[in-house]
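First structure 1, then structure 2: two forms of the same chain, each alone, as C-alpha cells.
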Structure 1
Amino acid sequence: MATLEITGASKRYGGVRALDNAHLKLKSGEVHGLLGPNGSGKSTLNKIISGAVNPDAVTIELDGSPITINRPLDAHKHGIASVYQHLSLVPHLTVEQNLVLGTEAAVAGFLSPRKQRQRIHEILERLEPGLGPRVRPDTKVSRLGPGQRQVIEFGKAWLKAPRFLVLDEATASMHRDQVQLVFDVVREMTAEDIGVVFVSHRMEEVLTLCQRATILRNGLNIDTVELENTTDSELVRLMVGDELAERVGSAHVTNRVEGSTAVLTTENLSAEGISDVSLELHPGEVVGLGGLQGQGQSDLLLSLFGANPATGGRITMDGAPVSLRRPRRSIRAGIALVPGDRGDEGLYAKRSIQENISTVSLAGRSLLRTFLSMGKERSVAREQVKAMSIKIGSLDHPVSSLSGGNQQKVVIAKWLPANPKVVLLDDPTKGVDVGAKAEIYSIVRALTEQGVAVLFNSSDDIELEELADRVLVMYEGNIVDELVGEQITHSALVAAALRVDEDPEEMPA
C-alpha cells in the first residue's frame, strides 16, 4: 500500500503561526478528511503537499522514502494533484482550453494531443450531469456559475491521473447533485488505490465520504480519528473546542412579524438571468432561494441590489415604487448585499481589513462616513472582528492574508453597522467553519429580531432547512415553487429543485 506521510510541517507568516509541527499520513485507497476551523492551517498544509507554499520545515515521505517538494512541478512528478480553495480557471478561455492548461507538465501532459483530447471529452461527458447540457467544451468559463466552475476544477485534477489528490473545499459552492457526482468519481478513484485528502466545512460531506480525519486547530494537530467510531458531536468538539460546540446546531426560530406589510415586493421583475419574478419580503422573515445553483438566484439578488438593472416589472419598498438601477440607490433605500464571490465583488483584497469592514462599497462609502467618524470606524471594525471571532494579525493587514472563511466573515461584518432594512446574502457560509456558521446564523437572527428582512441564496440544503421561514425554488430564472415552514425538508428541496414529485434518494451512502 502506498503512503504519503507529512511530518514536522511548520510555517509562519510574520507573527502568525499557520502550522506548527503538523503531521498527516495519507494512505492509498482512503479519503482522509482534514478538518479544523477557519485559519487552522488546512490550506497551508495542502499547499505544502502540492508545492505552492514553501514551509519553514517539513519531512515528506512517499512509500517510506523522503521526497522534496519545492514547487508545483515536483508535486506533479510524484503524482500529486490538487484542487485549491480559490478557483484557478481562466474565465475568458473555454472549458476545454482550461482543462488543457491544467495538464501542462502533468501526467496527462505525456499523452499525445489526440489521446488527451479524447480523455478531456470522456471526463466532460462523465461530468455532464454536474454541468448541465448547455455546457460544451467550447463554452467560455466566464459563463459558468461557481458550482459549475468547481466541477471543471475537479475535472482538471482528474485529468492529471493522480496517485494522490487534494480537494481543498472543492465542493464548497457545489449543489448537492454536483457533490454526489464528484463523490461517485472519488469513490472510483479510491477503488483504484488513489489516496485523497478532503477538506469541507459541510460536516455531512466529510462523514459521507471520509474514512479517517485529522483535526487541526491553530496550526496544531488535535487528533486523527476513525470516523466510524466517532460521533458527530465529538467531531465538532474536536474542531471548535467545548465552548463553541454548545452553540452549534440550534433549532429554527422565526422572527417573522405576522400581518405586517411587506418591506419589499417585486412584481413580474425581469432582468438578465431572471424573468417575471414576483415576491414579497416581510419584516423579520428569512426567505431562502433554493433550486439547483445557477437558476437565477444570484441574478435576482444582484437585481434587487441594482447591480443587474431590471428590464421589466416593478419593485416597491414600504409600499412605494422604487427604481433600483444602481447599487447606490439600493444602499440608500436600505438594501445590503453580501455577494457570493468575495474575490470579485465582496472584498478589496489588497486593502486592509479595517478599510474593508468600514467600507460598504465605493458607492456607499460617502454614506457611511456620515454616520461614522474616522476614529469611530476603527473601534467599530475592532468590535466586528471580536463579535465574529475573525482571526486576524492586525486590522491593518490586507484581507488577502486571511484564511478563506475569515475573508467571508469580513464581508458580512462590513454590513453590520449600516442598519439595512433588507439584507441579501449570496451563499453566505460558503467555506465557513461550523463555529463561524453558528455565528453567522446568530447574526441573521439578530437582524431579523430588529425587523430586518433577509433574502438568501444557499447551495446548502441543510442551511435552508435551518435558517429559512420560506424557500422560493428557482428554475431557469423563475420562481417555480414555494416551501413554507415544516415543508422545508431535504427531500422536498431536492424534489422541487429537480422538478419531480418526490425523491427518495438521500446523500450517497
Structure 2
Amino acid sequence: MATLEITGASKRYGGVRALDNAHLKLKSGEVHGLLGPNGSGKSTLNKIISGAVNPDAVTIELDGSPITINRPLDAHKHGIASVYQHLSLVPHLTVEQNLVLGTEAAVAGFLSPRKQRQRIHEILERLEPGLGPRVRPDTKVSRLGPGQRQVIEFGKAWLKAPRFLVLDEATASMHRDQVQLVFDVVREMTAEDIGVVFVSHRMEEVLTLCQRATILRNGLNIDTVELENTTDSELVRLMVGDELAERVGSAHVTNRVEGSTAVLTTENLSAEGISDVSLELHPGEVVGLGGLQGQGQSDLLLSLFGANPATGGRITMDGAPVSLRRPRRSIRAGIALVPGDRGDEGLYAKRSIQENISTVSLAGRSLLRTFLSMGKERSVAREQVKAMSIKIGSLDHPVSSLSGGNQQKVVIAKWLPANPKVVLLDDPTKGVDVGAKAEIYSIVRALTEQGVAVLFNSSDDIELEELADRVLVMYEGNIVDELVGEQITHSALVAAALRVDEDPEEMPA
C-alpha cells in the first residue's frame, strides 16, 4: 500500500503560527478528511504538500522514502495534484487549453497532443453531467458559471493522473449534482488506489465521502478518527472546542415583529434571471431562498441591491415606492448586500482591515464629505472587530491575511455602522468552518433582534432549517413554494426544490 506521510510540519507568518509540528498520513485508496476551523492550518498543510508554500520545517515521505517538495512542479513529479476553492483557470483560454495548462505534451519543443487530447475528451465526456452538453473543448472558460469552472479545475487535476489528490474546498462553488458527480469520480479514483485528501466545511460531504479524518485546531493536531465510529457532535467538539460546540445547532428562535408593516415588498419584480417575483420582508424576520442553486436566488438579491436593474414590477420600502436601479440608491434606502464571492465582490483584498470596514459608512462620518478623523475611523473599526470577534493581528494588515471566516465577518462588519434596515446575504457561510458559521448565525440573530430584516440565499438546507422563519423556494427565476416554521425540513426543501410531492422514504439522505 502506497503512503504519503507528512510529519513535523511547521509554518509561521510573522507572529502568527499557522502550523506547529502538524502531521498527516494518507494511504492509497482512501479519502482522508482534513477538518478544523478557519485558520487551523488546513490550507497551509495542503499547500506544503502541493509545493505552493515552503514550510519552516517538515518531513515528507512517499512510500517510506523521504522526498523534497519546494515548488508545485516537484509535487507534480511525485504524482501529487491539488484542487483549491480559488481557481487557477485563465478565463480567455478554452476549456482544453486550461486543462493542459502547465502540463502540455511536447516532443522536441513542439506540442504533440494526440494522446492528451484523447484523454481530454474522455474526461469531458465523464464530467458532462456537471458541465452540460454545450461545454466543448473549444468553449471559452469565461462563458462558464462558477460551478462549471470548478468542475473544469477538478478535471485539470484528474488529467495529471495523480497518485495522490488534494481537494481543498473544491466543492464549495458546485451545485448538488456537480458535487455528486465529483464524489462518483473520486470513488472511481480510490478504486484505482489513488489517495485523496478532502477538505470541506459541509460536514455531510465529509461524512459521505471520507473514511478517516484528521482534525487541526490552531495549527496543532487534535486527533485522527475513524468516521464510522465518531458522532457528528464529537467531530464538532474536536474541531471548535466545548464552548463553540454548544452554539452549533442551537434551537431556532424567531425575532419577527408580529403585526409589523413590511419593511420591503416586491410586486411582480422582473430582472435578468428572475420573473414576477412577489415577496414581503418584515422587521426582525429571516427569510431564506431555497431551491436548486442557480434558479435566480443570487439574481434576486442583486436586483434588490440595484446591481441587476429591474425590468418590470414594483418595489416599496416602508410602504413607499422606491427605484433601486443602482447600488447607491439601495444603500441610501437602507439595504446592505453580502455578496456570494467575498474575494472579488466583497473586499479590497490588498487594502487594510480598517479600510475595508470603513468603506461603506465613510461618507456619513466625514465633515462636508471631505475631511476625515483617522482616530474616529480607527475607533469604529476597533468596535466592529470586537463586536464581530474578528481575529486579527493589526487593523493595518491587509484583509487578505485573514482566514476565510474572518474575511466574511469583515464583509458583514463594514455594513453595520450604516445601520441597514434590510441585509441581503448570498450564501454567507460558503467556505467557512463550523465555528465561524455559529458566529455568523449569532450575528444574523443579533441583527434581527434589532429589527433588521434578513433575506438570504443558502446552498445548505441545514442552514435554512436553522436560521429561516420562512423559506421561499425558487425555480427558473420564480418563487414556486413557501415553507413556514416547522414545515422547513430537509425532505420538504428537497421535494420543493425538485417540484415533487414529498415522500420521506424517497428523499435523499
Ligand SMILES: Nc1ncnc2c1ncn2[C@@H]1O[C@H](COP(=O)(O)OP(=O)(O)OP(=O)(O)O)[C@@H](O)[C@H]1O
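Whichever C-alpha set is largest while still superposing within 1.5 Å between the two forms counts as the rigid core. Residue indices: 1-based, along structure 1. Note that the coordinates shown come from a computational prediction; the quantities given were computed from them, not determined experimentally.
- Taken from the structure described as the form predicted in complex with this ligand is structure 1, whereas structure 2 is drawn from elsewhere.
- Once the rigid core is overlaid between structure 1 and structure 2, residue 312 does not reach a Cα shift of 2 Å, moving by less than that.
- Core-superposed comparison between structure 1 and structure 2: the Cα of residue 298 travels less than 2 Å.
- Core-superposed comparison between structure 1 and structure 2: the CA of residue 333 stays below a 2 Å shift.
- Once the core is aligned between structure 1 and structure 2, the alpha carbon position of residue 129 differs by 4.0 Å; this is the C-alpha shift at that site.
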